[in-house]
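Quick heads-up: it's one chain on its own, the form predicted on its own, in structure tokens.
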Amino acid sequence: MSADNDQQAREQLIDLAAQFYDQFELGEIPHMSVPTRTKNNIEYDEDKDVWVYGDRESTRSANSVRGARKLLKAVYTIEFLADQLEEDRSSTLRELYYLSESWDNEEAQFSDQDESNGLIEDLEIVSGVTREDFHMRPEESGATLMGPLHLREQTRRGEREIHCQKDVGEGGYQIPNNPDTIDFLDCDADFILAVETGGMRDRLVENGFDDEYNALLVHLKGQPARATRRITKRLHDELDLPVTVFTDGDPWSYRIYGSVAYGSIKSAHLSEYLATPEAQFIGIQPADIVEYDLPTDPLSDSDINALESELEDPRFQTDYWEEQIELQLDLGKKSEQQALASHGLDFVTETYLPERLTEMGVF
């Protein structure tokens, strides 16, 4: 990130703090309004083709002791972030929680990390600055990319060029916390396959799927980190690569797909920055359980509740998802990616994925 961008982010934070002082001078009770982060307050933006927050808001106000504490913590955090940008330093979300214990006012200290994480999200929304631009990092995500992509990455030691097949080991290229420091130099890939599990990602690499089909394999590592979603979106938007998402066949995995395609409820303010609405779900579909006679496990009560909740989630209210979820509830079963190995270790790369990708029009 450039020094100019750092300065702009710092100024936006300081302007936010200044609003509280302005409210004091006008005799107003200091307050900060942020969108309510629930599925009932997300709506589809047809112009941007993403899900965003609606009009419902929650107010953090100093008209109560609890509200005053929240604003106090916000001011201390703003000061910390502004100093961090001024010094060109960075820190993790976990470190912020522990750092607050050194603040001179005990009322400003966080009770747990969920509280500090939530405040960073609030500051993102009201300032219009992403946490990456605050120089805030998550804990190491470990997500990787493997495939025919040549890129240039900005690091503290200068620039380096990397080919994501020739210059990396079997583990692939480690996706940095801020993918906007990357320039795409050359790409021979035809599409992106975002894969939920490490075991399936390793199977695809071992079988040479990225070579044979000119695929960029993105390891989601479960619920994907923001950096993973951001680089996926950039690859789609800038290189015009179709995005497919390959997960287990259960409601929690459908939400992994949803976070890539639609954005998550917690970060709906960043959907335009992180979500790839054109991403397609490749499987494991409930229909695959029947078609390929896959080994299964019974749905648990929490699985059933999650599926029923998804039927009411506006992001999943399409003919495709309603049909698949209703089928899964009727079957009462779920299945993992690795269940495809019941037909042999090469079945996923020689049969399942080629058939599905052809059906979806990717090939």
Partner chain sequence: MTSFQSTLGDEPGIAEELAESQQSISIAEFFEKNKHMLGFDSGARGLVTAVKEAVDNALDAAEEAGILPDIYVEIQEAGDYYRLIVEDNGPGLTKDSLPKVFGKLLYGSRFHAREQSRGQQGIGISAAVLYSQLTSGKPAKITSRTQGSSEAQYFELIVDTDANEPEISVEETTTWDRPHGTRIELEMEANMRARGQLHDYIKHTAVVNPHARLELREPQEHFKFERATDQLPEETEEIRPHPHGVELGTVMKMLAATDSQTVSGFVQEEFTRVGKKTADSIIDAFRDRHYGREMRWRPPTAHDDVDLAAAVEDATANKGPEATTAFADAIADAVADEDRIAHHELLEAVESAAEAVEAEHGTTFGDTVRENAVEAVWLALIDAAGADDDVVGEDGDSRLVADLYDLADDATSTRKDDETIHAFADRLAGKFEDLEDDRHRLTRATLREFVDRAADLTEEYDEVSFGETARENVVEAVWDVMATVPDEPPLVRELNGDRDATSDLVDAMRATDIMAPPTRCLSPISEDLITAGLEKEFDADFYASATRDAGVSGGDPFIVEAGIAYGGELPAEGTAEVMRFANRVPLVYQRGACATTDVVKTIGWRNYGLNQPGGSGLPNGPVVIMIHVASTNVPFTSESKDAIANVPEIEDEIELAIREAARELKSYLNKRRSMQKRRKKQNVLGKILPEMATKVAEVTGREEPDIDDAIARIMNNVLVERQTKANGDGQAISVVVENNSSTNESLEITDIVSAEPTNLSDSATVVEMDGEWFVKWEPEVGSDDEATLEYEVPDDATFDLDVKGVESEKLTVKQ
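Positions refer to the first chain, counted from 1. It should be emphasised that the depicted structure is a prediction, and the values quoted were computed from it without experimental measurement.
Separately, the form predicted together with the partner chain exists; it is not shown, and the next lines address it.
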item	value
4.5 Å heavy atom contact, Phe281 to the partner chain in the predicted complex	no
The partner chain contact in the predicted complex: Ala17, any heavy atom under 4.5 Å	yes
The partner chain contact in the predicted complex: Gln113, any heavy atom under 4.5 Å	no
Non-hydrogen atom contact Ile29 with the partner chain in the predicted complex at 4.5 angstroms	yes
Three-residue site Ala62, Leu72 and Tyr76 fully in contact with the partner chain in the predicted complex at 4.5 Å by heavy atom	yes
Interface stretch in the predicted complex with the partner chain - options 35-43, 64-72, 314-322, 332-340, non-hydrogen atom within 4.5 Å	64-72
Contact residue in the predicted complex, chosen from Glu107, Glu170, Glu291, Asp88 - any heavy atom within 4.5 Å of the partner chain	Glu107
